[in-house]
Ligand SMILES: Cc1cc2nc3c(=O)[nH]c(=O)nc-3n(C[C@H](O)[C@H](O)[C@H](O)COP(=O)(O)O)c2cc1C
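Heads up, the chain below is alone and in the form predicted alone; it's given as structure tokens.
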Amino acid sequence: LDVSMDMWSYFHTCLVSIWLHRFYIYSAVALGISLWIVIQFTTTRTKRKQSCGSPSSPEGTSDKLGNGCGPRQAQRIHVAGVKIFYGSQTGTAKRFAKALAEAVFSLNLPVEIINMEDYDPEDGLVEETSSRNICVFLVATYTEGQPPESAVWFCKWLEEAANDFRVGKSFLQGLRYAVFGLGNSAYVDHYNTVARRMDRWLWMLSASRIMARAEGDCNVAQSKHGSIEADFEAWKDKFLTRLQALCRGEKKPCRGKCKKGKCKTSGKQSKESSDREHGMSEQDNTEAEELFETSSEEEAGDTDSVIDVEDLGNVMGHMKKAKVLLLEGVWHGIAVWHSAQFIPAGLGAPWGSEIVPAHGYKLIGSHSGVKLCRWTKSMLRGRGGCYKHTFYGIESHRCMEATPSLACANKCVFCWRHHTNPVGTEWRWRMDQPEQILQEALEKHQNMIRQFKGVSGVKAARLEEALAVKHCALSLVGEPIMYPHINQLVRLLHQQGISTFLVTNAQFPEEIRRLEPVTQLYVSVDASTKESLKRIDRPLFKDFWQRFLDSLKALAEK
């Protein structure tokens, strides 16, 4: 019993001592843990450096080539993979795509070969803006400068997206790409036009070119390297070098004049490259582009692709250049001046026959046009429609977008037509009958719908429904209310069970009052004060402000 009491007394004394000195014990434990963490961190870091710096390690070499130094899981992925798109008629582009894929695969990078015919660009290209993939486009130029059959839809979508003012100019911002064209210089007028246009359309949508476009030539006598195969091999070597640089995180292409890894590329040189890209003809443009190796960011001067109000001066500068080209005869058959009066070439040939198709419009007669709305295309794929679908249940794929007048009484600063369309305060042009306009509009609209047959993602049931037009948007280009027979045209549409949505720019109050009932009538309000309206819309009428107010009153009376 005495022994038990002594043991308990000893144990109790120890506990009391520990409790009284607990602060020192806690400090010792904390110090031990800290030392263990420091040792582990130092050891791991040393091993990582040894692994990364070892040239004999296959894993280190692979990771270094792929995306920097160290395990891929621990490093930022600069290039996730490569997607190779090809549009081929005879199989050459497809063969080149396979050869390039093998070379990329040897760099331990994922690679995918895609036939443009089986690809939906509206969904797919948008996803590539954030995928960290590199997109390569190998496309041939076929008869009369047209794309091969497998690339027709891809090119058509890309062209319309680039020229549609409703599609944001930063639509493909983040997509990185390279283009190799296949053509024959024996056909001088159409040499590699498809590749050139595709390169330009991608750039217009703010995609980033990782290297200059290259063009292979089937004409052995003119080919730079003796054959189109040799042209491709030379470009492939450059592409692989550029790809490895991107994997290491380098952003700008190297010109071969580097010191300490920094390229000596002047901003002036980049600006000149950009001017050559957009200011010269396509034939001269090719020769100019062979001289430089710039990315799209350099061409744009490292500026934001979204145009701000303060930047409208630059936009106007491009518009003035377009007018100079027009006067020099680059665009033919638009219009002529005679006796101080604007006379449209529609008296002999439809005015706007060059400009309007460039923006996806099909010309009707002398002064009308029809176009497929982007929401029509969207709904053909089973996606959402425009606000009329959201608010009123309108089926966007059954809506026809048309105008009976490509002319306008305003010269708005935001106009996508670059002010090449005729303007005036009254109708002075040869006039087509409303029956002709409606018939041709329906025919050309249906022909454009039929082109979607077999396109990836388009639903057959929606395509069949779209051939029967149920709605007509008289808007988006020109001033439809200027057409003297607008009431007869609206009447004809209603007789065929087609609803009407008309948009006017608020400069024709009397025409608004005389307008017979339409399904919905809209008035564009682009500014809230007289001064700002004058600056933005640049109306031709001297009493534009009073007309604007009267138009709003006329709308309220409807």
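Computed from a prediction, not measured in an experiment: that's the story for all the values here. Numbering starts at 1 and runs along the sequence shown.
Another form exists, predicted together with this ligand; not displayed. Remarks below refer to it.
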Practice problem: With this ligand left out of view, choose which of 170, 163, 223, 92 has a non-hydrogen atom within 4.5 angstroms of it in the predicted complex. | Solution: 92
Quiz item: Only one of 429, 142, 119, 232 has a non-hydrogen atom within 4.5 angstroms of this ligand in the predicted complex; which is it?
Solution: 142
Self-check item: One stretch from 170-178, 197-205, 99-107, 144-152 that, in the predicted complex, holds residues within 4.5 Å of this ligand by heavy atom
Solution: 144-152
Quiz item: Should residue 403 be classed as touching this ligand in the predicted complex when contacts are defined as heavy atoms within 4.5 Å?
Solution: no
Quiz item: Is there any non-hydrogen atom of residue 452 lying within 4.5 Å of this ligand in the predicted complex?
Solution: no
Quiz prompt | Exercise: residue 184 in contact with this ligand in the predicted complex, heavy atom 4.5 Å | solution = yes
Exercise. Using a 4.5 Å heavy atom cut-off, state whether residue 190 contacts this ligand in the predicted complex.
Key: yes
Quiz item: Taking heavy atoms and a 4.5 Å limit, what residues of 212-237 are near this ligand in the predicted complex?
Solution: 218, 228
Self-check item: Closer or farther in the predicted complex: C-alpha pair residue 149, residue 457 (3 angstroms or more)
Solution: closer
Practice problem: Could you tell me whether residue 457 and residue 145 have their C-alpha atoms closer or farther apart in the predicted complex than in the shown form, knowing the shift is 3 angstroms or more? | Solution: closer
